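Take a look at this one chain, the form predicted alone, written out in structure tokens.
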Amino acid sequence: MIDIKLIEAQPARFKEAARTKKFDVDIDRLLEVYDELKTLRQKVQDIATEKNRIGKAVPKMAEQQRKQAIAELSEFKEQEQKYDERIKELEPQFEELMLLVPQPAGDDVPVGEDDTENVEIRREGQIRKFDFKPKDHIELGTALDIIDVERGVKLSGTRNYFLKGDGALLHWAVLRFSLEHMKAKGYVPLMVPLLVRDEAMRGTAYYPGGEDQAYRMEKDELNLVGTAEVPLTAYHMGEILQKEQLPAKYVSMSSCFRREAGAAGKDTYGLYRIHQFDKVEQVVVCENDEQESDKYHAEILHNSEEVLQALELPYRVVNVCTGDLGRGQIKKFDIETWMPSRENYCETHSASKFGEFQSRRMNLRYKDTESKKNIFCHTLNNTVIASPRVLIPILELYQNADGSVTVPKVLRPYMGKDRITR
């Protein structure tokens, strides 16, 4: 959420943010509602002041004056009730409009329509050249009896699967390696709830706008999370932290659930776009300082790159354009890992910087030691690893001519073997 005073001072800036980020919000209507609310609240305050003044004077008044004063108080009460009723009508409209206002992108974010206009920053690692015809991950997984899509679909419908034997072990190995990597870097592991209230979804800016992508438990008014970012970032929701507690760095390994609404016919083959997966997620809550945010944005990006480098997977980093940014993101770096079967670098990580956008929605603050004021925190997050999507490049890039798959060196202690065979 944005400070309404900023919107009031720079309406054109927020109209442009809505245009370049492609979010529909009526800034003019928001400011009209806000102006009326300000006027009504001032009138209520003026009435309260006047009622207080008259109330104190009544005991000293003559009878006729007292009758007149009581009549005035009655009239004030009627006016106050009328204003309060109008305020109650306007406040939900104001809140609804405020939740729709997007955060303007950073000055160094490229303007673009969609992910095809993201700007490449650099490439890391060498793309393997095969001296035999390589198989894709489903062909490999089926032949090795480690991936079973057919039975996954039979039980749960499209975009579902089983990982079996060494497939399941490889999945858990990459997650455990990534989690321990983050623990060694000082991030505090949290086991998080996967069902959260609407307040947590709104606080992290998944609602409004992302309802179609979420699995909602209507009976319990709870939502299955699409990422551990939600419970990790909302962990301190409604709290005032001490400055000494910052930065708070958290990591979680959790299951994630996404409906993939609107993706009909897109990426239907294999394990790229699925309904359920597991992810190691990192979140940083830091001071309200641009340099601090930039520092931790670079840090969380580096953490994920270290994991991919340890797995010896080729990847590239892109600066995400305005049309591919979320409502609250100031800036985002995507990491795209090379996937032979897709003949391209494909998204595996997203490192996002939010400023105080999420904290304002969650009322997450810290007490500044110098000013003694309560200040909204800054928040950031990034994928450390997501599986089974990352199994696509691992299986395809580590395959051998005989159909076996070499296990990446860093995962061998978790697998107890260096090769996957039938």
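Bear in mind that the values here come from a model prediction, so they are computed numbers and not experimental data. Residue indices: 1-based, along the sequence shown.
Keep in mind that the form predicted together with the RNA is not shown, yet the notes after this line are about it.
Chemist: Give a yes or no for residue 197: in the predicted bound form, does one of its heavy atoms lie within 4.5 Å of a heavy atom belonging to the RNA?
Modeler: Answer yes; at least one heavy atom of residue 197 falls within 4.5 Å of the RNA in the predicted bound form.
Chemist: Would you classify residue 61 as touching the RNA in the predicted bound form, given a 4.5 Å non-hydrogen atom cut-off?
Modeler: No, residue 61 sits far enough from the RNA in the predicted bound form that none of its heavy atoms falls within 4.5 Å.
Chemist: At the 4.5 Å heavy atom threshold, is residue 73 in contact with the RNA in the predicted bound form?
Modeler: The answer is yes: residue 73 has a heavy atom within 4.5 Å of the RNA.
Chemist: Quick one: does residue 68 come within 4.5 Å of the RNA in the predicted bound form, counting heavy atoms only?
Modeler: So residue 68 does not count as contacting the RNA.
Chemist: Looking at 88, 133, 219, 266 here, can you tell me which has any non-hydrogen atom within 4.5 angstroms of the RNA in the predicted bound form?
Modeler: Of the listed residues, the single hit is 88.
Chemist: Among the candidate residues 77, 151, 243, 183, which is the single one with a non-hydrogen atom no more than 4.5 Å from the RNA in the predicted bound form?
Modeler: For this set of options, the contacting one is 77.
Chemist: Please determine whether each residue of 45, 48 and 367 possesses a non-hydrogen atom within 4.5 angstroms of the RNA in the predicted bound form.
Modeler: The answer is yes: all three residues contact the partner (heavy atom, 4.5 Å cut-off).
Chemist: Using a 4.5 Å heavy atom cut-off, which of 25-33, 349-357, 369-377, 388-396 contacts the RNA in the predicted bound form?
Modeler: Looking at the other structure, the answer is 369-377.
Chemist: Heavy atom within 4.5 Å of the RNA in the predicted bound form: which residues of 1-24 meet that condition, in order?
Modeler: The one in contact is 5.
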